[in-house]
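Below sits a lone chain in structure tokens, taken as the form predicted on its own.
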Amino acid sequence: MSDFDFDFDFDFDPDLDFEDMLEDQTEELYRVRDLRPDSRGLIEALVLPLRDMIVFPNMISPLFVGREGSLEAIFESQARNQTLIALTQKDPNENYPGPDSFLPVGVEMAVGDLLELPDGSRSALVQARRRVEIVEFTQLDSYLRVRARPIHEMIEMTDTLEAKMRSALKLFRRCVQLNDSWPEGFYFQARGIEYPGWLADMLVTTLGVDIAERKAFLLETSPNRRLNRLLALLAHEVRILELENEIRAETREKVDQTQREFYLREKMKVIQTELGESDMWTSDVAEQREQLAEKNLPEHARARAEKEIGRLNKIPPMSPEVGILRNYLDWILDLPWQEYTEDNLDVPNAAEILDKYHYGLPRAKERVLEYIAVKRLHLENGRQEKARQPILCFVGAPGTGKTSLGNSIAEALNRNFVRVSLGGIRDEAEIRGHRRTYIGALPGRILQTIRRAGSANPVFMLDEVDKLGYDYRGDPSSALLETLDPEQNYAFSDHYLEIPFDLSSVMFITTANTIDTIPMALLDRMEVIKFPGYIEEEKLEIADRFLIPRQVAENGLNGEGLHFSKGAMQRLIREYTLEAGVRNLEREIGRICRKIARAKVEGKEYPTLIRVDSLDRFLGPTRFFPIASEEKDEVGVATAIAWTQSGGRTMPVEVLLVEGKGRLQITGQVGDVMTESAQAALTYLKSRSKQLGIPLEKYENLDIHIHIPEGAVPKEGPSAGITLTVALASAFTGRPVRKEVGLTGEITLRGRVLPVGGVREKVVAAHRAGLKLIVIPRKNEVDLVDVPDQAREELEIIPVEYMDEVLDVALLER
């Protein structure tokens, strides 16, 4: 057995010789008899539950006891002068453990006399004897009793085991040398142990590993495997201690160097003073005071800056806080607190600039011109208070000119333009900044961008606001609520600056591709202006005014007289691009210009007029095939007019009836809403069977298959409701659908036709596809104002309110 010395911080009687008492208790522990196994090799003993403590065999340790059941078990074992079995709980927080609450391996131990401590708890020395394996619990009353099998570690010493023991002792000695808190006696005690299992238990106790590793050691009954785990732990501990010593040495060197530099700088200051030379540190502080005096700051910001300069003047130059204070002061002095550019409130000039750079986009342009007009009226009426700045949100497909329009608005107003992309931002500190207590802290992107703008009233574009994310670092969209609220942003608070900054003169413009992912609280603070996408006629005009001249200039073809025919541009738009904007259109124009530039450099022939048949040569075969109107009147086939992100499109709907049991099948990658529209259409048709002459048994004996071609393209929305109804009615009645009719509208179970969106794009798509007549909901008549005149003149547009009107228009007689 090994004896260990333990330090106790107990308030005992000062007249009591504690060392003698400890020695007496240790001798008493040795006198306690081990339990004798029965004929089956089992022992039966009381249980001492341990929460988060493990005492390994051959070890002596103090033990604190608090539970009444544990005290009763100790008293009974002491009365019988017997050992008991200590079992470690799996969950230390469990107050009333049961048979399933303990590890399957425990330790037989002897418990000494209990000592009562000043706080009311009790403590005793325990001596662990041997590992035991729990077989069964024989008592579960006030205290537990188990039947266990002693584990005898009989192992033959081999050269391998001896080598492992020596390696463990070498590593442990290195740990003792590196760890100043371990006395050298630990190593000499370990060196006197001859048994591998005992050595592993003793060293893992000394290392002080976590409870999980101690449990693993307790459950490992093979001394050889315990030695293997011990060697890994010792090697890890040596690496950690060596790294700690290296870090300590490096830190000591840095501290010594810092002290030496401080001494030399102080000595240099004294020498400079004696020579009458200026102190650079004093000069820097004086320079900042001069900048503050020249800067036009609000009073609260000036008071804060003066306070920080006073602190900076009192801090030694080598203090780590100097850099933080100087950086903070630089931000205060660099921000444009009260620096404004003068607005150009000439409405005709603004309209000219907006039309110069952008074609179409009437709603956005009108809103900007209205804002300029209101500001001018305020100025003429002598109103001194600031006019509320609009918070505009441009929503539309990519490439429709949202970001570039912001730049044009800034030019029209004679303001500076700045832009921040919010896509992928997940950290709230990106908007509001970090506290100054963090190393490398900076203000958020709002104030960083305002400083870059150089004025307090720029046009500030927040791009991709619909792509903000959030995670454990906070919600950036919530941080934007204060920024985009005119009632609050006059005193915007940044975590780094901690001084209110006035953002009320900033014209914020946000952009998004969809409003579905924008939080409602943020969306409520913005005025949404939708960019519906360009129709073909607008794309032709944009290409002629902007895209072709720009690509000709960028590719060095200014003097070549290169131009495109209208037919070539129409084919380029319809068959080589599929988009709501014009980005891909400009790319394709650029591809043609680059190929012509290469031909010119290589001395080959090249055309200066790009015709329809030239596109195959420059761009290859057609990529998109627009769906035209049906060639003849057919049964069960109707033409829907749909809106997509790339504009309006015609979309055939096919219905086929086959023998079956009345099941409805819908294919073509349709969404839930369109599926529900088909179900509503079928229900309406059943309700009108008598009027349409459809036998009811026909629904029971036929399966209905609805298919919408281009199955790889997802389709969703309720606007195909009346088209689905017409196709189903045609299939069941045998009446053909008029090939020149296009349909759009949502249907209800009662046959009412509800309004839908994207009417402008749908009408243009129907005109482009060669349809002659289109049916729209009556409430969508107001949307025809935005439809180009040519399309309205060449199309017959029939507004309807009920489904019966649609059937009369779309279906022919048999």
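Note that residue numbering follows the sequence shown and begins at 1. What you see is a predicted model, and the numbers here were worked out from it, not measured in a lab.
Beyond the structure shown, there is the form predicted together with a small molecule, which is absent from this document and is the topic of what follows.
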Next item on the list: Spell out, yes or no, whether the shortest heavy atom distance between R525 and the small molecule in the predicted bound form is within 4.5 Å.
Entry: no
Notebook entry, point to check: With the cut-off set at 4.5 Å between non-hydrogen atoms, does T400 touch the small molecule in the predicted bound form?
Noted result: yes
Notebook entry, point to check: Does the small molecule come within 4.5 Å of any heavy atom of Y490 in the predicted bound form?
Noted result: no
Notebook entry, point to check: Might Y357 be said to contact the small molecule in the predicted bound form, defining contact as any heavy atom within 4.5 Å?
Noted result: yes
Check: For the spot marked by R571, R594 and F618, is every residue within 4.5 Å of the small molecule in the predicted bound form through some heavy atom?
Finding: no
Next item on the list: Find the only residue in V637, V238, L547, A301 having a heavy atom within 4.5 Å of the small molecule in the predicted bound form.
Entry: L547
Notebook entry, point to check: Using a 4.5 Å cut on heavy atoms, which of I450, L144, L361, A412 is close to the small molecule in the predicted bound form?
Noted result: L361
Notebook entry, point to check: Looking at 392-400, 172-180, 667-675, 87-95, which one sits within 4.5 Å of the small molecule in the predicted bound form if you count heavy atoms only?
Noted result: 392-400
